[in-house]
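Okay, so here's just one chain, in structure tokens, the form predicted alone.
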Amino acid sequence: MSVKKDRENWGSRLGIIMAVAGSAVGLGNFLRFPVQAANNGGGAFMIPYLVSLLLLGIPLMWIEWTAGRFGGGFGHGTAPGIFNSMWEKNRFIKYFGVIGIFGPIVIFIYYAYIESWLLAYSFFSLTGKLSSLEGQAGMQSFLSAYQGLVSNEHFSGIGTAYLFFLITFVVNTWVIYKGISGGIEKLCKWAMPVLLVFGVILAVRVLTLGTPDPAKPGWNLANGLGFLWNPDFSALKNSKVWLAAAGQVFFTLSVGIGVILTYASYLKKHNDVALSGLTSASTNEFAEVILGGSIVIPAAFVFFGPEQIVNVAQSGAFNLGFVTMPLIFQKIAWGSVFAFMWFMLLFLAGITSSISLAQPAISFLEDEFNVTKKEAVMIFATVTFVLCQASVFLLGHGVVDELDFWGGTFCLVLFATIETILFSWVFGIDRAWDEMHSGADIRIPKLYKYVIKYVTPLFLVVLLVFWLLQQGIPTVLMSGVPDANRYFILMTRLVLFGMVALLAVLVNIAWRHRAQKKTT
């Protein structure tokens, strides 16, 4: 019989906080959040956002930190094992945990490619390639050619993009190969401070822009901030605004994915989860609300004015990041340096998130099949590298959007609903409350005991139902999908179904082996 090896541990409390914050702080903080706020009532958006944060985000953060540490005590670092530890009498619950491995893999296989664009654009900023482009059309043409969607004087193929993808993929693989404390923790302990420093520098630069065009005095920072933060309270009557706010909280805190469960499983039994979880969430909120809300939209307003800002806000996160912001940096002194900071900030936010997405699958292989770190990383890297090719070469056929729907939206809401009900009702809120406070450095307000048991599950069920009706069912039925893309969407769904089935089979094999060991 093989000997079970010791599981890794975090080297320091700061390390786990920075790692979880790094997982949460991503592209959504600086691109998705300002777009959502601007398009959903401005300052009024913050009301449902804060409600969702208090009743959904923070409770889920504590649930995942606590459940992860609990499951780690039984040698499990992923949702199948953690769920099984919390409800041993139910032989099916572990299969629901498959979502917590499947979701991160699906997100990783397109996120790593998008992340590589940021590394490339950091390079293009320093070499002056972006500063030579003229207007929105020129910047958009450059991006489309880089992505391989068109061919022009900038790029005749996808070779450059693929080179940066390879570099990014290798860096991700190297970090996760070095392990929890030697790789992930080390990276996050320097990447997060650099990211935040760059964010502060960019925010200060934007907040000191003044009025670049004296002939247009209304194009100023105050009005730019007002566009984003002046409240349109009538928007609160729209259920889509509440849905958007709750969805943003999901995206921003990295809850409902399974990543925090895995990270927390490497804690020791009496390591604090209450204050540490709150600290990581607070770091993320600073990056999102303070920095993310102070850079993109206000800067775009100052340079493009009140008429164009609506189109800018509605153009989507990618256009904001890769088209609008480079155009803004062309208009200010030392623009290439600030552009480099912008794209490097986003790259660091991306890589601290992508390495966290890799960890559940690697932990699953290590914990349940007792393979070495090297073997687990090589299996993960090989499989995901093959799967990533669809994101690279089929970008123009809707594959990335399809992956984002299933991995980055559907799985998040469904998984969070399952784990919350399991934690508060099956595991038991009294037992869960005691577990949350084991080794805790703060006392969580008792009100949250009832929030976690009643309010958060109800919130999630309502969110799931409304989301299915408004977005889920139309997407499943491929409403609005061009006929030319339907084949690629169907093939993508077939591959995803195969991934779920394979993971379920692996869970079954792992537990049969466990049962055999117990009887011998």
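In this text, residue numbers run from 1 along the sequence as written. Quantities reported herein were computed from a predicted structural model and do not represent experimental measurements.
Not pictured, yet referred to below: the form predicted in complex with a small molecule.
Listed residue that, although the small molecule is not shown, lies within 4.5 Å of it in the predicted complex (heavy atoms), from 351, 325, 302, 357:
Comparing distances to the small molecule in the predicted complex, the residue within 4.5 Å is 357.
Can you work out which of 251, 164, 405, 427 has a heavy atom no more than 4.5 Å from the small molecule in the predicted complex?
Of 251, 164, 405, 427, the residue with a heavy atom within 4.5 Å of the small molecule in the predicted complex is 251.
Sort through 315-323, 257-265, 177-185, 118-126 and report the only stretch with a non-hydrogen atom within 4.5 Å of the small molecule in the predicted complex.
Of the stretches listed, the one contacting the partner is 257-265.
Contact test in the predicted complex: residue 28 vs the small molecule, heavy atoms, 4.5 Å
Judged by the heavy-atom cut-off of 4.5 Å, residue 28 is in contact with the small molecule in the predicted complex.
Partner proximity in the predicted complex: residue 107 to the small molecule, non-hydrogen atom cutoff 4.5 Å:
Yes, residue 107 sits close enough to the small molecule in the predicted complex that at least one of its heavy atoms falls within 4.5 Å.
Contact of residue 24 with the small molecule in the predicted complex (heavy atom, 4.5 Å):
Judged by the heavy-atom cut-off of 4.5 Å, residue 24 is in contact with the small molecule in the predicted complex.
Taking 4.5 angstroms as the cut-off for heavy atoms, does residue 364 touch the small molecule in the predicted complex?
No, residue 364 is distant from the partner.
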